[in-house]
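Have a look below at one chain only, the form predicted alone, in structure tokens format.
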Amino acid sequence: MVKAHAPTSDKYDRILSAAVKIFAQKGFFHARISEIAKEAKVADGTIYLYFENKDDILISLFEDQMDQVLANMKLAVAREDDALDKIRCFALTHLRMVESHPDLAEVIQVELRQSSKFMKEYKNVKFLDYLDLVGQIIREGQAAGQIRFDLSPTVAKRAFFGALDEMSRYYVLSPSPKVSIDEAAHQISEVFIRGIAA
């Protein structure tokens, strides 16, 4: 259970920023609370005013970042009028976020999945909201006659995100990717659009 904490403070923000760096460098299992405290320039005990343990830090970090990711994605797709262009925009925005924040991308793509608490116990509401953005675009395209009516938005949104997620992991784990972010986003969205277009 994530510990209830006071409204966001400077120390809280510093601890989360430090955790991103330490988790990305050391890995979730090998990272120590003392290393996060040192990076954040706070006493070890200060961390426990905000978080119960490492899992709690990881989950709080995810929630904090997903708020920003959701807000950025909503702004980006809102600039497009056409549902198919929104799909292209979603793919490009998602992969560019991975490129812009490599440490955070590594934590979310790799380290987050090492937490059994996150994978088994955490109700990942914000991630579902992110997926639902794709579902809304699919339904919008169906209403406009651009996307096949026999397509399930539930299946489509997970298939699309799955491709983006796998490509994100490729960029995080590969020291020298052979395909640019923009080209990968273009190819994924075009393959997907060809499969769903009316």
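Start at 1 and count along the sequence shown; that's the residue number. Small disclaimer: the values here were computed from a predicted structure and weren't measured.
The form predicted together with the DNA exists for this protein as well; it is not shown, and the discussion that follows is about that form.
K.L.:
Counting any non-hydrogen atom inside 4.5 Å, which residue from Val42, Val69, Leu133, Val172 sits next to the DNA in the predicted complex?
P.N.:
The option sitting close enough to the partner is Val42.
K.L.:
Just give me the single entry in Leu61, Met167, Ala156, Ala31 that has a non-hydrogen atom within 4.5 angstroms of the DNA in the predicted complex.
P.N.:
For this set of options, the contacting one is Ala31.
K.L.:
Counting only non-hydrogen atoms, which stretch in 159 to 167, 139 to 147, 31 to 39, 125 to 133 is within 4.5 Å of the DNA in the predicted complex?
P.N.:
Only one stretch qualifies here: 31 to 39.
K.L.:
Do heavy atoms from each of Lys74, Thr93 and Val98 fall within 4.5 Å of the DNA in the predicted complex?
P.N.:
Answer is no for this spot.
K.L.:
With heavy atoms only and a cut-off of 4.5 Å, decide whether His186 touches the DNA in the predicted complex.
P.N.:
It does not: once the DNA is placed as it appears in the predicted complex, His186 has no heavy atom within 4.5 Å of it.
K.L.:
Whether Gln25 contacts the DNA in the predicted complex should be assessed with a 4.5 Å heavy atom distance threshold; does it?
P.N.:
Close contact is absent here: in the predicted complex, Gln25 is far from the DNA, nothing within 4.5 Å, heavy atoms only.
K.L.:
Report whether the minimum heavy atom distance between Lys21 and the DNA in the predicted complex is within 4.5 Å.
P.N.:
The answer is no: Lys21 has no heavy atom within 4.5 Å of the DNA.
K.L.:
Would you classify Ser9 as touching the DNA in the predicted complex, given a 4.5 Å non-hydrogen atom cut-off?
P.N.:
Output for Ser9 is yes: heavy atoms within 4.5 Å of the DNA.
K.L.:
Heavy atom within 4.5 Å of the DNA in the predicted complex: which residues of 46 to 61 qualify?
P.N.:
The stretch 46 to 61, when checked against the DNA in the predicted complex, contributes Thr46, Tyr48, Leu49, Tyr50, Asn53, Lys54 at the 4.5 Å heavy-atom cut-off.
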